[in-house]
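One chain follows as structure tokens, the form predicted alone.
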Amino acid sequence: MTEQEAPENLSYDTFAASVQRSLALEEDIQKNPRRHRVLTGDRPTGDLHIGHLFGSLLNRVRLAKLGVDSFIVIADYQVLTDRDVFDQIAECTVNLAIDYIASGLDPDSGNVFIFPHSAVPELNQLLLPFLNLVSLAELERNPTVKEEIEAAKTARMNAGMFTYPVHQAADILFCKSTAIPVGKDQLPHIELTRTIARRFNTRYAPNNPVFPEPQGLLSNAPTILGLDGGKKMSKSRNNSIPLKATEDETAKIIKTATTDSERLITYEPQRRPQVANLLDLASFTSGATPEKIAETIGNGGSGKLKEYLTEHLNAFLRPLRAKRADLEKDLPYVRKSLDKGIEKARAVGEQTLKEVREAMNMYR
């Protein structure tokens, strides 16, 4: 489809508008959780860390406990766009499921469905019709794709990477998700997904729309910096604390965290981002405000701050780690949970695909 043929051109919305939609969505979720459906997930590229936990996992748990149907996709196909790690994908998928369940996503709750992307062929069949609803120019302009290509550090971009936003739209729309927990950097994907849904409905189902237009549910958690004091926490940058790390390993990692030379501990995110980052983490785990923690530590310096964070982070993670250890000893349960998620996702995907084929006037 050329941009001239499209029902309307894709425009990436202002952040202020996205914030307002997110606030209204959160309000409605609180009032009517059963009316909503969440789709979220991660690529199985390694162990999850505390940045994932405080940045997204705990929010997913919160939504599930409110009663929102939560589809958690393990995006194994998407790993292949920029990594040659196919020999590790199955193991990483199981480990990711362990992290999810240990964090509080309960596959026995009746509204949490964890599944690997590749096991739901009905989902992937949406990719072809969706690709016909966007132009090459629109994909080229997607800012998130540009960033991911730069991060991959490769001169050769495969088609999977280029069409990644459309595949993500299929992830979101196959289960007719209404709410997508995201950070600011992922909003362009949501806008493209909304546009695809709108274009499909306008072209093929104007009188009986198939897809809702999902909205981004922005997290109010701050960006968690890596312990090297640089960019955000990331397993690829080796600046994180894995959820499965032991208490001793956690203490050792925190000791290496970058701070600054000032002895008096103050909470000043703009002027002292590394110190503020440790105070934020301490606040998440202790319940005290960052300002109060800074006041308590005072002239104790970064050493005292790191001791405080170590104590409270280990205490906070202790139940999660105990649950994780139990799950590692009960892999049949983990695999059964994945199988249940696959069964549900396939049933939902089959119904959506049936509606799509009927709307497009496909044979049978």
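Numbering starts at 1 and follows the sequence shown. Everything numeric here is computed off the predicted structure, so don't read it as measured data.
What follows is about the form predicted together with a small molecule, which we do not show.
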At the 4.5 Å heavy atom threshold, is Thr40 in contact with the small molecule in the model of the complex? yes
I'd like to check something about Val94: if you look in the model of the complex, is any of its heavy atoms closer than or equal to 4.5 Å to a heavy atom of the small molecule? no
Is there a heavy atom of Ser286 no more than 4.5 Å from a heavy atom of the small molecule in the model of the complex? no
Please tell me whether any heavy atom belonging to Leu192 falls inside 4.5 Å of a heavy atom of the small molecule, as the geometry stands in the model of the complex. no
Within 4.5 Å of the small molecule in the model of the complex, all of Val73, Gln78 and Gln168 (non-hydrogen atom): yes
Mind telling me which stretch in 208-216, 168-176, 272-280, 287-295 gets its heavy atoms within 4.5 Å of the small molecule in the model of the complex? 168-176
Checked Ile180, Ile254, Leu187, Met233 for heavy atoms within 4.5 Å of the small molecule in the model of the complex; positive is Ile180
